[in-house]
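Before any questions on how it binds or moves, here is one chain, the form predicted alone, in structure tokens.
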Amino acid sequence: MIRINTNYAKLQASYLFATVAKKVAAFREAHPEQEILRLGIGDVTRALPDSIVAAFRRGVEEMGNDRTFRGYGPDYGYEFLREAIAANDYLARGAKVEASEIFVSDGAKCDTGNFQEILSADARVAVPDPVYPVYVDSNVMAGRTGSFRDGRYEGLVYLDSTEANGFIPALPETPVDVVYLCFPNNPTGAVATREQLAAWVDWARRHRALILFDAAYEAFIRDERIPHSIYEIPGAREVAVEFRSFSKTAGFTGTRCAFTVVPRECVAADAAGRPVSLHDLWSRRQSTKLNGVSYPVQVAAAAVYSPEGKRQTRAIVDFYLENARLIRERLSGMGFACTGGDNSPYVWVKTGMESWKFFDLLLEEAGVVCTPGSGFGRCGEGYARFSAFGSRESTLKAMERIEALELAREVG
């Protein structure tokens, strides 16, 4: 009988968001009359902007005509999209990124999980805690960890992100080869200053480590002092790979389009200690395992960078940011300590009780869904994540229901 990859047996029983979905489904079955207001998973709810839909249609129509039909596209994305990304997301901000260093894919979640495939099996990995679960689980699957004990995997280095440090983890005190960073952060909503990112880049250059930088929520940054890309920091091209997504920027959660930047200066070492280009390795990986993103989707993604596309997508992001402001303002008014919600679509809330107890209380007593902080790591216990991606009506209604529970007095 064929044997399985036993590293999968180390994984916890269920992916966080699958557990939330099961609990919500059970509640809905037991209470079919109850309206459920979802402020949990970070799925967008606003429709694609008109300019993007028009471009999408144009791409589909081209695929329906023999003269303009396209079969397999370029492995790394069409040049028109890669050039638009380089010009608008990087060069316009003074960050040197070339179109040839951009790899278009179907999701930042996929890329952050897959990138570790090109690294050695014995690479020492550091992750922040709380952490987006994919960073951890994909390395567990690859065999870089021991067993799960006391809320953490043996073999991983956890970087505590707490109220005391403003949810910005300190530099590792033990040697590591790879560190995952995410800013604006999922789940805490924290953002890193230019000085904080510069410290990370300097550390990585000194220790010859690699930073895997998840910037999927950069479109929510409104404070111009906050960098949108790690490549705004001098020296980052030598030590950092950046992941971005159109999901939250332009509503592509169901359309699927993202990209990863791997600068040519970014290198690792082979078994003999010789430098190897990570750009070349990722190129090889993608051309082997990915058939690319469909032409109509890439045409639609390129429309994000048109003048009308920029205006319309910014308006949608502003809408979600207003939801985040309302969530933070209302919960703060109830006495809860909150982080995020200004340059981020997430509000990280100190609950005053166990995370899953808080989740169950809101679901059962108010029909409101949040995400329990403990699902993001040991440092997330006692917190919950609220997402701003709902409608304005459901966001306000959810806050009213929570206020009616008078939780501030209960947890105060």
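Here the structure is a predicted model, which is why all the values come from computation and not from measurement. Sequential numbering from 1, following the sequence displayed.
Below, we refer to the form predicted in complex with a small molecule, which is not included among the displayed structures.
Practice item. Would you kindly say which of E101, D214, D89, E218 lies with a heavy atom within 4.5 Å of the small molecule in the model of the complex? Key: Only one option qualifies, and that one is D214.
Exercise for review: Just give me the single entry in V297, A108, V191, A126 that has a non-hydrogen atom within 4.5 angstroms of the small molecule in the model of the complex.
Suggested key: Only one option qualifies, and that one is A108.
Check your understanding: Might F336 be said to contact the small molecule in the model of the complex, defining contact as any heavy atom within 4.5 Å?
Key -> Outside the cut-off, so no.
Review point. Could you tell me if A324 has a non-hydrogen atom within 4.5 Å of the small molecule in the model of the complex?
Key: No, A324 sits far enough from the small molecule in the model of the complex that none of its heavy atoms falls within 4.5 Å.
Review point. Quick one: does V262 come within 4.5 Å of the small molecule in the model of the complex, counting heavy atoms only?
Key: No - in the model of the complex, heavy atoms of V262 and the small molecule never come within 4.5 Å of each other.
Review point. Is A258 one of the residues lying within 4.5 Å of the small molecule in the model of the complex, judged by heavy atom distances?
Key: Flag for A258 set to yes.
Practice item. Quick one: find which of 191 to 199, 139 to 147, 240 to 248, 76 to 84 has residues within 4.5 Å of the small molecule in the model of the complex by heavy atom distance. Key: Going through the listed ranges, the match is 240 to 248.
Review point. Is every one of V347, Y383 and F386 within 4.5 Å of the small molecule in the model of the complex, counting heavy atoms?
Key: Not one of the three qualifies.
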